[in-house]
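Given next, in structure tokens, is a single chain: the form predicted on its own.
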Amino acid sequence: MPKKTVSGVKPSGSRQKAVLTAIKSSAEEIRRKILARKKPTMKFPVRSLANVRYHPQRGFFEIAGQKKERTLTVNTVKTFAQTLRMIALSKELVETDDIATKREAYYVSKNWQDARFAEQPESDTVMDDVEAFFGMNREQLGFIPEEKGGDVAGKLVVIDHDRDTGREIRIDCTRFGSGAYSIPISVEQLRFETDAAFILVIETAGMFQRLVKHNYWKKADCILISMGGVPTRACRRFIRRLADYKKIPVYVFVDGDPYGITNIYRTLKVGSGNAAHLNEFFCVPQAKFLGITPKDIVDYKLPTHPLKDVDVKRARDALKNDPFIRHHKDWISAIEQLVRMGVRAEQQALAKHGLNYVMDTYLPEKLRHPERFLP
């Protein structure tokens, strides 16, 4: 497997060269085996929660030892060909300094005759395999997500550069009025200036907009970042780089339900099983869970909804199989409490006490005791 490359460590020209070298080296190895009349193989790490380990000292899910091997045979010829065509597309994108969304890559495959993909999930899986094979993030390979990275408001200046002139661009996140700065798909080139006390990461766009409208960032001396659900890799990388660079804490405010805890928060903090080969760069180990907690539901007498069967299953799966949840007794207790209560609560449930209760009471009370936040 090619040597792992850390995104953003090298200048863009060197990074481009490293990607092309890895692609050409792997292609040449496959070609050599074919000419020697041997079956070419490709080995990929198994991307699942069952193949990760969690060490709290390192702070993220790491890939364990299981690998799958793809050998060129009569039965695998189509998948093998699709994988090579995807690598060839990556090479073309990197060489021409171009990009393709995951959807565009799927449609490009329509020109691959018998190797074309029938549906996009097939192409997405092969793209993920290629990423894991090279140990590089897909953005380095020229592939970008469809969704944007997230929104930012508050006490932060983002320093970027004009692609044509190289001129420095200073983006003041306090000057977007009722709007916000959108995190770009690639954040490695960004630098930051801030004297904010902390970063508040928010699950829902609605709650983010309420805090932005009332300039909560000014009152709380913070940076507000909206995830808009499960955070994109660009959003996670942006938060990680900002937190590392400025050495400021990260507090996460999501819904009080199994999905908010075990998918949204856990993905931000320690990564996922599917991307365990890259979690080191796309997670925020210093993040802490501000709320909504099961205790908040009781203490603030929040309106709730019954847990659905899928919620209970997700919670029990986490208690049984999630290395992060299983490591922390506080999380085991919290999730067990949520299941016993049989309810879930949204951030917006705080509006029961008034539309601005979240800013006037809930957040100030919580922020007085960050040492009580869940890990």
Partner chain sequence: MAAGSGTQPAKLPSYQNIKIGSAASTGARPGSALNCRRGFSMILRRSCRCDRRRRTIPTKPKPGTLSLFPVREPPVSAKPGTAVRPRPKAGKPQSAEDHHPRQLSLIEPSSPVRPDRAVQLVPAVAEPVETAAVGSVEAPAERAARPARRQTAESLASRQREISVSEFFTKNRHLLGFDNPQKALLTAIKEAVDNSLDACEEAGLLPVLKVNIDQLAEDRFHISVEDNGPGIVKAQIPKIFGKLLYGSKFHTLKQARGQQGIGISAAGMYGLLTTGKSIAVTSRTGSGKPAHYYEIQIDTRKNTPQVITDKAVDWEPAHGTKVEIELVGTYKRGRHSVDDYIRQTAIANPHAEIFYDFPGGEGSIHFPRSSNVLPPAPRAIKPHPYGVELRVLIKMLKETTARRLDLALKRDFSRVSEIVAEKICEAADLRPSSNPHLIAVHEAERLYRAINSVKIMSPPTNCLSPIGEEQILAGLKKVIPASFFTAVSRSPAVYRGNPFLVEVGMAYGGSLPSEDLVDLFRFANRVPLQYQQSACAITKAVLSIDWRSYGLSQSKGALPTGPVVLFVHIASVWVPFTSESKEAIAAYPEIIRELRLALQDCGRRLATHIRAHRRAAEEEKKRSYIERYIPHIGIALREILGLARPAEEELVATLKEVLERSRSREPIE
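Residue numbers count along the first chain shown, from 1. What you are looking at is a predicted structure, and each value in this text was computed from that prediction instead of being measured.
This next part talks about the form predicted in complex with its partner chain, which is not shown.
Contact with its partner chain in the predicted bound form, defined as any heavy atom within 4.5 Å, is confined among 148-156, 75-83, 192-200, 254-262 to 75-83.
Scanning T96, T165, Q113, S178 against its partner chain in the predicted bound form with a 4.5 Å heavy atom cut-off leaves one residue, Q113. Put simply, of K102, R241, K91, R210 only one has a heavy atom within 4.5 Å of its partner chain in the predicted bound form, and it is K91. Proximity of D309, K313 and R314 to its partner chain in the predicted bound form is absent: no residue of the three has a non-hydrogen atom within 4.5 angstroms. Under a 4.5 angstroms non-hydrogen atom cutoff, its partner chain in the predicted bound form has K24 among its neighbouring residues. Remark: K43 does not count among the residues lining its partner chain in the predicted bound form, judged by a heavy atom distance of 4.5 Å or less.
In the predicted bound form, its partner chain sits beyond 4.5 Å of every heavy atom of A50.
In the predicted bound form, at least one heavy atom of R37 sits within 4.5 Å of its partner chain.
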